[in-house]
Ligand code: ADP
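One chain comes next, on its own, written out as structure tokens in the form predicted alone.
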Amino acid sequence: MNLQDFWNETLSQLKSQMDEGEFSFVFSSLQYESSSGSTMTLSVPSAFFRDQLKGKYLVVLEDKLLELTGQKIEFAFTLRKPEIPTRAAPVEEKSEPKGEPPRLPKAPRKAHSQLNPDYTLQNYIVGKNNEFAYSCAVSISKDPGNAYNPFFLYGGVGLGKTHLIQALGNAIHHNNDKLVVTYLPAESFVNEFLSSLQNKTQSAFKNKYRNVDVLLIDDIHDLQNKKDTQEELFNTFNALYEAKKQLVFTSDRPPQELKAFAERLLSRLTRGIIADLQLPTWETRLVILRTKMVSKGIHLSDAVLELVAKNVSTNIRDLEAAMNKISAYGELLKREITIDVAQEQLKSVFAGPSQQNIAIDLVQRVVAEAHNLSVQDLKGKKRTQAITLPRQIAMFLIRELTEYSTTEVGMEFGGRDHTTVMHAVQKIEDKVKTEPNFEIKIQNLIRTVRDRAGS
């Protein structure tokens, strides 16, 4: 027998020895890739899953293979790249008689009571920043419960998470209104669960959420530190997943940054596909503005729209707010919105959270929290990799987001020399250019700092 045969036998024996649900969650996500000598390479869906596997089940696998092969087998793990779903070819549109407006896609026979009918996949603006997440949503809408389950979507405030999750729900409801689609914010799930405990109606609560076909929970990060609610969601998740029902969650941060979450719940949330929403590019922001302008019946010149798109890069909500502000100004005062008028009316918006208003200690706190360190760790003398890299990240972000000089930054990190800051900035810049995942991490930290500064 070769190692792959031994691997198949290992799975067969473990399946008969373990709880069926536990085996399915853990080992169905592992795929044999190759072997060389006494090393076996397996692929896993995510780094989080790999770490959980190593901590809990690696010894089980090693012992079982030692029993079967008589030798110590080493494991190597690779991350499987999720396949980007292929978009369906556009349907050829039939020509409309002249004088008639183009026909829009038919709305659902009856709007879903929990979903905003204005949130659809058809009016969701797709760019490089959200193409993968959108493609996943389209695939799920066609085959809920089988394609990409569960689906974990994360991104900063105002980047379109709620639009996409509700659009997905509307699409499923439109395709088959006999399916029970339930959408709610995580906070509502918490309140309903607590109410069921208080009123002793837990059975009704469980029946409500364990008998749906599609469960969409927005802002799952609101379950942090809510141990009992997490336990209930864990059990609900298992019941729905085993019944091949679709689960979708959104969060304002990636799974690894969710604090005070039960590990076994996190392992479920990250069991399927994970997609993020990045800040839209300038071109995408311009398309968003033009689309919203048409839908709202607003008239602004291309030059003004380009001005707004170039200067408002925080999120989609801020884009729309800026457009609404100058539109209302022109309408109320009966004035044409020129470039000069737009610049004057939006000067505070364009400034955003002032760079001078982003404090050094805010950046230090955000970076420290993201790496499970204290601010004192970043300011201290230790030079271990676990501290040095976060310290360099903090220095880079301060230089990126504020006007402080390298000398001033160095003083805030235990009196370090300005050349140390310059070296840190250069190292992070190089790392961003060569490591796409690291670039995403830096963007998430920048977004967090700006969100906190803005609030």
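Heads up: residue numbers just count along the shown sequence, starting at 1. Since the model is a prediction, treat every value here as computed from it, not as a measurement.
The same protein has a further form, the form predicted together with this ligand, not shown here; the description that follows concerns it.
*Asks:* Each of 123, 158 and 161 near this ligand in the predicted complex, meaning some heavy atom within 4.5 Å?
*Replies:* Yes, because 123, 158 and 161 each have a heavy atom that approaches this ligand to within 4.5 Å in the predicted complex.
*Asks:* Between 171, 322, 316, 186, only one gets a heavy atom within 4.5 angstroms of this ligand in the predicted complex; which residue is that?
*Replies:* Residue within 4.5 Å of the partner: 316.
*Asks:* Name the single residue among 288, 140, 367, 305 that comes within 4.5 Å of this ligand in the predicted complex, judging by heavy atoms.
*Replies:* Among 288, 140, 367, 305, a heavy atom within 4.5 Å of this ligand in the predicted complex occurs only for 288.
*Asks:* At 4.5 Å between heavy atoms, only one of the stretches 330 to 338, 125 to 133, 264 to 272, 225 to 233 reaches this ligand in the predicted complex; which one is it?
*Replies:* In the other structure, the partner sits against 125 to 133.
*Asks:* Can you tell me whether residue 119 touches this ligand? I mean in the predicted complex, with a 4.5 angstroms heavy atom cut-off.
*Replies:* Looking in the predicted complex, residue contacts with this ligand include residue 119, since a heavy atom lies within 4.5 Å.
*Asks:* Are any of the heavy atoms in residue 292 no more than 4.5 Å from a heavy atom of this ligand in the predicted complex?
*Replies:* Close contact exists here: in the predicted complex, residue 292 approaches this ligand to within 4.5 Å, heavy atoms only.
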